[in-house]
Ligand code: AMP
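In the form predicted on its own, a lone chain appears below as structure tokens.
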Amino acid sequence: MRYGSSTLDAELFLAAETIAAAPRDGTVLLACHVNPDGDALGSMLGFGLGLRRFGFTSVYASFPEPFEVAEPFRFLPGLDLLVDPGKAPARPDLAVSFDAASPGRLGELIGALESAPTWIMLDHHGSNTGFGSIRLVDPDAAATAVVAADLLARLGVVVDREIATCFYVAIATDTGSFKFDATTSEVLALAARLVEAGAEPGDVARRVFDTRPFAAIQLLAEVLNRAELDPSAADGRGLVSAYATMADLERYGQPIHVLESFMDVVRTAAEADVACLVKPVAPGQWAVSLRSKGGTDVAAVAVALGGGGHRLAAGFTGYGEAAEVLGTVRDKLDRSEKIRVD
């Protein structure tokens, strides 16, 4: 049993049976979380292409507003599957969601997902709240793409170059180019199979990780210039934090998604176990990313603040001024007795 869980294995079997029994001319709606990262988008598009290979003729994929694919992922195969959430089928015959730990992350697509006779939910977040008709959640999986690849294999779908590229981007982004603790022998074996199927690691690395506009580099410099280190935070384990504003983005002419990679720099501060990056979403609203090097369960902090994620990588939505949001994070780090990882 691949995941060491009889419940998950049974759900995977049921999901495969359900998909195999569905009419090939039926409408399938795929959905992933708002502001999709590489795993959300790669899992969804790779699986959608797999369903096409399996014979489904009406496959639609979407995610909540703002409906824009981040520049690093615009080379992904399967983008033709995407439809604006306002044009997604309202009553699909089958629904599948990807990488969303709670229904709220699926925004305005919830109604369509709930209207489907069957909603198959794929995720790998330990904080998943449990929803959908068939729940495929593996907290030990490095990425949702690992679960999606397993399900396609159970359907007998042969992974081609396009599917392999989508899944490879998914696992490469969620493992930090195979640097994070989530990098297991299983995910490395999957990566090898995807490369054999046609995924090109060098091309993916250049497009996703190693290419950005010069203006984005200038923006990074400004964000790093206001970074702060608090060695006493998190019970002495240390916190490094930084934030960006809408004014920053406008000044350098950059979209919000360029901020996602900034955490990779902020979190390298040697004196801090926890890193926090606050990113603007709308006036008074912020997307907050948390990372830990191993000593802190940041998912516990995120859940306490209405979000979720993994033990070493999590996030939530904050409100107010950036300084207020950062103050809330420091307070939770200092006051919670459940966040230390021994």
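Just count from 1 along the sequence shown to find any residue number. Values in this document were obtained by computation on a predicted structure and should not be read as measured data.
Keep in mind that the form predicted in complex with ligand AMP is not shown, yet the notes after this line are about it.
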With the partner left out of view, is Thr57 within 4.5 angstroms of ligand AMP in the model of the complex by any non-hydrogen atom?
no
Any non-hydrogen atom of Ser289 within 4.5 angstroms of ligand AMP in the model of the complex
yes
Asp230: heavy atom within 4.5 Å of ligand AMP in the model of the complex?
no
Spell out, yes or no, whether the shortest heavy atom distance between Ala314 and ligand AMP in the model of the complex is within 4.5 Å.
yes
So which of Gly295, Pro64, Pro280, Gly308 reaches within 4.5 angstroms of ligand AMP in the model of the complex, heavy atom to heavy atom?
Gly308
Though ligand AMP is not shown, can you say which of Arg267, Arg237, His125, His257 has a heavy atom within 4.5 Å of it in the model of the complex?
His125
If we take heavy atoms and a 4.5 Å cut-off, which stretch out of 43 to 51, 22 to 30, 300 to 308, 64 to 72 is in contact with ligand AMP in the model of the complex?
300 to 308
Going by heavy atoms, what in 82 to 119 lies within 4.5 angstroms of ligand AMP in the model of the complex?
Arg105
